[in-house]
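Here we start with a single chain on its own, the form predicted on its own, put down as structure tokens.
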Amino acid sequence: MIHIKNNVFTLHTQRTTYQMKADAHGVLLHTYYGARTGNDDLSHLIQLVDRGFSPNPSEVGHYRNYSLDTLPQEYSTCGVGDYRMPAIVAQNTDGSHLVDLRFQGFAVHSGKYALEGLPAFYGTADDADTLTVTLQDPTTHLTVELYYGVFAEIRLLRASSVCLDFPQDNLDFMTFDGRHTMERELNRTPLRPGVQQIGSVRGTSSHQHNPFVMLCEHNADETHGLCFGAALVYSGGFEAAVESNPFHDARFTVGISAHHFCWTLEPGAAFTTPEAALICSPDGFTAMSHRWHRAIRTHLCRDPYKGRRRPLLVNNWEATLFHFDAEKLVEIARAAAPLGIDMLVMDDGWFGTRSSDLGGLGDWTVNEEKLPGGLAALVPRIQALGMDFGIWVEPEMVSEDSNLYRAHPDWAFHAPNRSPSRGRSQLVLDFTRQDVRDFIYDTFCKILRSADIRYLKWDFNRSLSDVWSAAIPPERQGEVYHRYILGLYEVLERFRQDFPDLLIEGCSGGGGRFDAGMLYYTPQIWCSDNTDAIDRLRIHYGTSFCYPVSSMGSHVSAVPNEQTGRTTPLETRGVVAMSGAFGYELDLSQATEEERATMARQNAEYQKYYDLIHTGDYYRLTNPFENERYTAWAHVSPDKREALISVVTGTAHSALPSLTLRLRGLDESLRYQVNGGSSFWGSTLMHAGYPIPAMQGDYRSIQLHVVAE
């Protein structure tokens, strides 16, 4: 998968090629990334020309055609003649900001590299190789090692975190943006001269922008066109930018946000950047998404839940908010068990004096007025009904009205002599501190060992602000944002190692920390605090470009919906939530017999189609941002012999034309039976289509089960 000759490094995956070359001056040139080629030296594509106001390195003398400002580089520097976005900036001991990296050497070994303290895709000697390229500044001896992990199905890089130079700028920049309760809405815009950038300065990957972005040809769509996707395996502040210069070249970078970032690098020390994963697809968005989904499921999410069935659960939050006790929880569980639900999750309000979001966070002791006898008494009652038990926690937060804060006010982020800003009436614990991390770990170990708890919902309900650590000297406060994330990863890894069978679901007000970094520790993430089925169509659509269905926490909630006030049929809420880690977010004890029968049927169908939904290939059949009449998607088994197609309509109107849906992903040469009835050739279903019966009313749904004969 890695071919090296004359300092030309060619990395092949099954479908793509990535190449760089160390030239005669030691500059590491980026020569190609795209559809698979041979092992030719592609530096012939680089034309050396004299462009005005582009200076030349001293070693080329008066030769004016060689300039760092015009060359495509693998890892761009600063202050030495390249005026585009740098991949690295450093302040030297003499006060200068010059960095001039030159090729020093390389190494190759079998298997996929790992990053100390950071999540990363993983692989063995059987399915991955690693190339390490070393660069060094000849004056300061600052050394940078670039790691490239190559799998048969995906391209994985780790640089700063990645810098890609494209020989053309006739591309579109695709980002996934939004806000709390409406995350990851697709935005697509052509590149224009200058810099286009998205990112987060919130200390998390954020609701506002996701650290997955794409570049694609103008005509690229689901089935055609060249596209590149990049995902930063990181859960903190980030920036992703693309710059188009006057010569119609494009430079793309992604990495840790530069906002308040300043890392002191001691002599002999090293700084490791997060991993960036890249996938190139010459065949449009769907093929790219399939590769992302497989890579995340098999090389990022870890045991035991990357292959094990997730529990079908009910969470009591929207049913009770803070107002519950043990009897109410048992009542909900008693109503859930006959419906085929596997687990009850107890949400916020079970600990300390917590009765609202104004206080109590940090005092993680069971409130025995609500739960007499504690978890040791409650959990067996739930298990006696045939269900497992899980809890909600928010370990990274503290309320000022708490015993923890009164004892350790320096454990929370806030600057000296300033009143801190609050989010949801809470402050953020300083996870850069080992004493804080040890306290959190020991506290929750005690809770987890007090009863048979199978699931943890790990929430984070605010952005970082007032970021100042009492444990770090003033001159190194620029390290706090990143050290916070490293501390979070350390704690999650300890739980991962010591409680290997515990299912942890990530959450940050829903989708505020939905990223590849968290998926390394938590195989599923609450997709959004917005449980409205129609809004979720858009949220799931954008999320699916990178992240697999198995990673999306998705529940049926009550109507009118808490976030939108919209009323949708229970059947439709089930169809939408079924395309994810399925569950319920309502008071099942108040359900009617008709509703209970519908839920029992939904749950049985979800279990029947579980493997198809979670491991099949996902197809976006419509774009809900463009098609308001209906939204359709499909799950297709890897062998193409089975598919589940889901359709949800919009608002009803009179005398609408009939609807015919063209399926995708089937085998043209096979005949398929639809919902146990008529059969058709795969070519017929994909090219001619299948008629969707008319459905009266708003927000109706239908599912088609298609099986090869």
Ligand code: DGJ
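Computed from a prediction, not measured in an experiment: that's the story for all the values here. Residue indices: 1-based, along the sequence shown.
This protein has a second form, the form predicted in complex with the named molecule, left out of what is shown; the following refers to that one.
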| Is there any non-hydrogen atom of C507 lying within 4.5 Å of the named molecule in the predicted bound form? | yes
| query | Would D587 count as touching the named molecule in the predicted bound form under a 4.5 Å heavy atom rule? | reply | no
| query | So, in the predicted bound form, is T175 in contact with the named molecule at a 4.5 angstroms heavy atom limit? | reply | no
| Would W392 show up as a contact with the named molecule in the predicted bound form if we use heavy atoms at 4.5 Å? | yes
| Exactly one stretch in 396-404, 276-284, 342-350, 240-248 has heavy atoms within 4.5 Å of the named molecule in the predicted bound form; which is it? | 342-350
| Candidate from Y547, Y520, F431, W526 lying within 4.5 Å of the named molecule in the predicted bound form - any heavy atom | W526
| message | Considering non-hydrogen atoms and a 4.5 Å limit, which listed residue (S289, Q73, N461, S579) is close to the named molecule in the predicted bound form? | response | N461
| query | Which residues within 286-320 place at least one heavy atom within 4.5 Å of the named molecule in the predicted bound form? | reply | W317
